[in-house]
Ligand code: GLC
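A single chain, nothing else alongside it, follows as structure tokens in the form predicted on its own.
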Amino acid sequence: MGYTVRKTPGDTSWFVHDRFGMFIHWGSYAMAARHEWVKNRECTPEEHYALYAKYFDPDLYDAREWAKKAKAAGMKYAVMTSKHHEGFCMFDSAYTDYKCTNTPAGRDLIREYVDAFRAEGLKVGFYYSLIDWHHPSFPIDRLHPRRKDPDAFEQNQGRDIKVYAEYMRNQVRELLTNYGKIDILWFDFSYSQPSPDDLPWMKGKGKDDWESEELIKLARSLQPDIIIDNRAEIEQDLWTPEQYQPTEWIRDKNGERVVWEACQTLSGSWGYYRDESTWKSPEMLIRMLVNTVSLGGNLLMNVGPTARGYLDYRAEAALGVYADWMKYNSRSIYGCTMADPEFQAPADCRLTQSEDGKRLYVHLFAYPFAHLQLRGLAGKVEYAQFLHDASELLFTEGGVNHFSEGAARGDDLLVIELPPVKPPVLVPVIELFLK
């Protein structure tokens, strides 16, 4: 079995096996506690925004606890923000004073993350924002918090994107040199297309501004196997649909299947948002993971720690949902991908299949009464069981074994007999051992 996927410059073999990772959006914006784009949304004055760094003191930050929670949730890798659009660095960069070591935190927070997650056997990655609303050489544009200032045009004079591009390369060199082997580099993001919001002297930014070719060349020279996303506006290893659930395998502009990863949030915000209320239901959390893998993708699910450095009760509860389900059902996720096209999912079900093609997994989004009918599988299944407890499920072939008139028939039909009561599993999984 298997699908032909576009070859990647980096090593994605482990990535497409592990399938599930933790995104961590954490920065000084956690102090505001109202979205990581708060500086953009509110055009926060610089003197007020500076207070967040001045008083940033994550005294309850324990990266080891985060790593244990990620591992328990079934996550196999993590990507943490080293610098978000606000420009505040969560590592001890030699190229700026706007960093965590110059706050009451007084230490390199990225270092602790790397060490803790590695100790739990998880792969580690860095998110690095191409945008920087703090750097004095970053030109003001339609996303910049100073865009509405009466003197924005004057403030913009003398800003040189080439100076900023060199700054980025220097920081990426630090990140890929000072912390050992790094598995993923997640750039974010390009916006080079013109917009109605642009003033005549403004423009968006893309690969030419970031000098992306040099940036990526540098990264690969330092970490040859690293996985890099496409958001520097040059196609690399990883396509990254955001806050969107694809309905088919992601393809490139030539129609070729690619390695992809859906990045999603537990709620409607990436950074900690105290009053945000659109937290996803337990059912939706599990379905998003299953949906993604059933289409050949990975899921990168985000947590937004508080400014004191812990995951709040809502995030912990959501991670607990994954932990409870993955403890018994992870075999249908790890090392799995989209099922062979000959296998069609029944209504309200999703299929995944093991890489070796020997096992097919049927995820029951809605629990059917008495029988599950699977077309095209008659004569192809040797044994069936619930995955969560390995309890046998009996099946018939050629039709539903029932006295009623009109019961389904067909030479290709496999019918699994189900107990009348749904098992105590959020999304039950049937494991089919293929002949």
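All of these numbers come straight from a predicted model, not from anything done at the bench. Note that residue numbering follows the sequence shown and begins at 1.
Below, we refer to the form predicted in complex with the ligand, which is not included among the displayed structures.
Visitor: Of 115-123, 162-170, 262-270, 144-152, which is the one stretch near the ligand in the predicted complex, taking non-hydrogen atoms within 4.5 angstroms as near?
Guide: Stretch 262-270 is the one.
Visitor: When the contact criterion is heavy atoms within 4.5 Å, does residue 386 count as touching the ligand in the predicted complex?
Guide: Taking the distances in the predicted complex, the answer for residue 386 is no, it never comes within 4.5 Å of the ligand.
Visitor: Within a 4.5 Å heavy atom cut-off, is residue 322 in contact with the ligand in the predicted complex?
Guide: Flag for residue 322 set to no.
Visitor: Using a 4.5 Å heavy atom cut-off, state whether residue 37 contacts the ligand in the predicted complex.
Guide: Although the ligand is absent here, residue 37 would touch it in the predicted complex, with heavy atoms inside 4.5 Å.
Visitor: How about residue 15 - does it come within 4.5 Å of the ligand in the predicted complex, if we only consider non-hydrogen atoms?
Guide: It does not: once the ligand is placed as it appears in the predicted complex, residue 15 has no heavy atom within 4.5 Å of it.
Visitor: So which of 138, 127, 361, 210 reaches within 4.5 angstroms of the ligand in the predicted complex, heavy atom to heavy atom?
Guide: Spelling it out, the residue with a heavy atom inside the cut-off is 127.
Visitor: Using a 4.5 Å cut on heavy atoms, which of 242, 312, 355, 198 is close to the ligand in the predicted complex?
Guide: Exactly one residue meets the criterion: 242.
Visitor: Would you give me the residues of 320-340 that have any heavy atom within 4.5 Å of the ligand in the predicted complex, in order from first to last?
Guide: Stretch hits: zero.
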